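Just the one chain here, laid out as structure tokens, in the form predicted on its own.
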Amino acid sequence: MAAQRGEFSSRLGFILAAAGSAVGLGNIWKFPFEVGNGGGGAFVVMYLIFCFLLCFPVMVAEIAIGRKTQKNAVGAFVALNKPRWSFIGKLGILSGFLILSFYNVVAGWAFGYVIEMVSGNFDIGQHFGEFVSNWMRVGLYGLVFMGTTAYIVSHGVQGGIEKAAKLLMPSLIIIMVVLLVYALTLPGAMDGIKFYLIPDFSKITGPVVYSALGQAFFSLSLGMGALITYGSYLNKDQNIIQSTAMITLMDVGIAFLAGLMLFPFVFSQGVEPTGGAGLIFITLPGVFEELGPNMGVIVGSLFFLLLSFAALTSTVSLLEVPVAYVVDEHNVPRKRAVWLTAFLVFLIGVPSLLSNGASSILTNFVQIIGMAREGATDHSFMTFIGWVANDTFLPFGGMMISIFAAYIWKKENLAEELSHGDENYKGSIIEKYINFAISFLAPVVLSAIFVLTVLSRFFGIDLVG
């Protein structure tokens, strides 16, 4: 069965592909600005703790479910004779579908900025609103990006996903290191490094802890079926614990490198280290311009190429989740499934594309439906879809996967699966911690994130502060 579906040719291929799924726009632009908003090093410390103590066990459970069943995110629960629990996989597929629909729009922005930087148009940052509201141009960039994603996925596990990961992930790391080395030569760079690396624990507040928890969970692609799907392409002789540790380290390492790279650029020009999308798409082009016309073009082009590569590693995994479902459960040939799914995702993403100024209704969607919150400046349909799919469905999915692995599939069966490729797993301290985490820690923490997010996003009740 696994051979017919395809499988990763090596442990390295699996690690790079799964790490690519986790590494995305969130690592390059969301993580640094979350660090900026969270006061610097204190946020980094909290993020690292949550990645390993909370996210690692959930990731292990997802991959183990996939490898045990050799099935997609829905079929895995049916194969374990728990068809009623297949709603977890269905919710994951829906989450990935919706996330990819708006993620592709942002990826289109990044790809468009590569073209702008190559042409030396540093003023694009001052005209960001005009750029994103030009739905035909951004839509074309997004179409190219979705086409590239579909092309990779259509070539299967080894010939497409794994091959692309082996090219994109090293390229991404090389670009980051080159930009980091250059950034460290800029005046004021060390002020950025100090802000980033020296923690001020007085900055740790309820909102900082909540943001660090959310960033850790979302950055590792948990709760959307991607790791179940990738796990289903994994050989029995692979050590899941070691592979998951490598994936987590790679994801955390790239996010950490992104901060090391970005803050020297920001502080060298005296820019405020907050702002999220604004920092990346509005402020940074001006920062690159200050480096001089030639160096600015090189550094700016490399940065947005890096952003595009990071986006592509994630869009590939997001598309593979529904494709695997269609191929497995409906016996549709892979290439047909890929292109039909990609086309449907692009169509579903059109409202998000239009919600950045092209349509007043979609641009002010949150306000129109009466869910605008005091102080909020983004009321777009794309923001609303992010609330639903990214902020709400994912923690719920992760919580349910933990409960399923611990109490429905049972910890003994999970341990049996994890012992393949790791004969010392049973009885180890790692087993004891993973059992504790999926039985108690993850369900409690993720249910808290879910409830707090729903209350805040949809009812305007902020209990975090």
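Residues carry their position along the shown sequence, with the first being 1. It should be emphasised that the depicted structure is a prediction, and the values quoted were computed from it without experimental measurement.
Keep in mind that the form predicted in complex with ligand PFF is not shown, yet the notes after this line are about it.
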property	result
Selected contact from 218, 381, 111, 128, since only one has a non-hydrogen atom within 4.5 angstroms of ligand PFF in the predicted complex	218
Contacting member of 15, 25, 445, 452, with respect to ligand PFF in the predicted complex [4.5 Å, heavy atom]	25
Segment assignment from 354-362, 146-154, 194-202, 219-227: heavy atom within 4.5 Å of ligand PFF in the predicted complex	219-227
Complete contact of 21, 103 and 318 with ligand PFF in the predicted complex (any heavy atom, 4.5 Å)	yes
Ligand PFF contact in the predicted complex: residue 341, any heavy atom under 4.5 Å	no
Exercise: residue 238 in contact with ligand PFF in the predicted complex, heavy atom 4.5 Å	no
Residue 301, heavy atom within 4.5 angstroms of ligand PFF in the predicted complex	no
4.5 Å heavy atom contact, residue 308 to ligand PFF in the predicted complex	no
